[in-house]
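Just one chain is shown here, as structure tokens, and it is the form predicted on its own.
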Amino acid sequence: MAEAMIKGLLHQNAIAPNHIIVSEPRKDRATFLSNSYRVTIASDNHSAVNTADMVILAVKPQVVKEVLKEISSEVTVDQLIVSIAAGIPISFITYHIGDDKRIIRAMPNTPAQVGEGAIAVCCGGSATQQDLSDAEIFFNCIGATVVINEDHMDAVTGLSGSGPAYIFLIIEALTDGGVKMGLSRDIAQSLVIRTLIGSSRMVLESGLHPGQLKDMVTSPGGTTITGLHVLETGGIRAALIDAVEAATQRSRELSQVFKP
């Protein structure tokens, strides 16, 4: 995800490569990022943080505590701290670096890697509305951003955070259906993907409710209503709702571990 943000920022010409400082523990990975994007590689977390205007915590949840303790003496109130560490509440961050710090919490998803991420952001600590606006501009380089209250972050995790996996499963299943009916896998998958992209754009650009758009495709006694009947009989609607609910609940359970 860190690389996706670097790629997005550079693609939008939002910042010069030499103004991005990366602290990466794996030497091979650090070399790759330096060679690919011409970013500056810091020798450690301390040197990465002490000259930064914005500090991005793009680390795994299990190492957040260690990283926060390591940089706590370097972080100042003049810096904006942006965390994309899944399941880590703002209260956990402020506990380790101080509630006078300006903190933004964000939940991007994997399509950010291709500039089509869905990102939710919220603010805490001493973060201002301007900080929130700056975070929106930052994340809009890799997708589309919405502002939420932090107590909705688990729901975001269960919906858009986990959502790409649901969509990949649907793509795979529809492709298998096409193969079962005699199409080659390449052709079936291409048709499914284009159908998904086109349908999504219709919802975005038409402003119509998905149910209205569905009805526009559905002729009386036709093929579409027959297929929809099978989907409804199989409980697809309830299954997707239940998936979001279960993933949200699991996110809440995991977040409890990181309460200060």
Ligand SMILES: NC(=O)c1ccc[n+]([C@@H]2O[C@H](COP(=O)([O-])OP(=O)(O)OC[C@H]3O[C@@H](n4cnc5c(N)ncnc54)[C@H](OP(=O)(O)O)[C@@H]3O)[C@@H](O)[C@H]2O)c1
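Start at 1 with the first residue shown and count on from there. Note that the structure is predicted; figures quoted are calculated from it, not measured.
Below: the form predicted in complex with the ligand, not depicted.
Using heavy atoms and a 4.5 Å cut-off, decide whether 115, 141 and 206 all contact the ligand in the predicted complex.
No.
In the predicted complex, which of the listed residues (80, 84, 122, 97) lies with a heavy atom within 4.5 Å of the ligand?
Only one listed residue qualifies here, and that residue is 84.
Can you check whether residue 63 is within 4.5 Å of the ligand in the predicted complex, heavy atom basis?
The answer is yes: residue 63 has a heavy atom within 4.5 Å of the ligand.
Residue 251 versus the ligand, in the predicted complex: is there a non-hydrogen atom within 4.5 Å?
Although the ligand is absent here, residue 251 would stay clear of it in the predicted complex, with no heavy atoms inside 4.5 Å.
Any chance residue 59 has a heavy atom within 4.5 Å of the ligand in the predicted complex?
Output for residue 59 is yes: heavy atoms within 4.5 Å of the ligand.
Within 4.5 Å, heavy atoms only: does residue 107 come near the ligand in the predicted complex?
Judged by the heavy-atom cut-off of 4.5 Å, residue 107 is in contact with the ligand in the predicted complex.
Just one stretch in 63-71, 228-236, 193-201, 208-216 has heavy atoms within 4.5 Å of the ligand in the predicted complex, so which one is it?
Partner-contacting stretch among the options: 63-71.
Looking at the ligand in the predicted complex, which residues in 115-138 have at least one heavy atom within 4.5 Å of it?
Nothing in the stretch sits within 4.5 Å of the partner.
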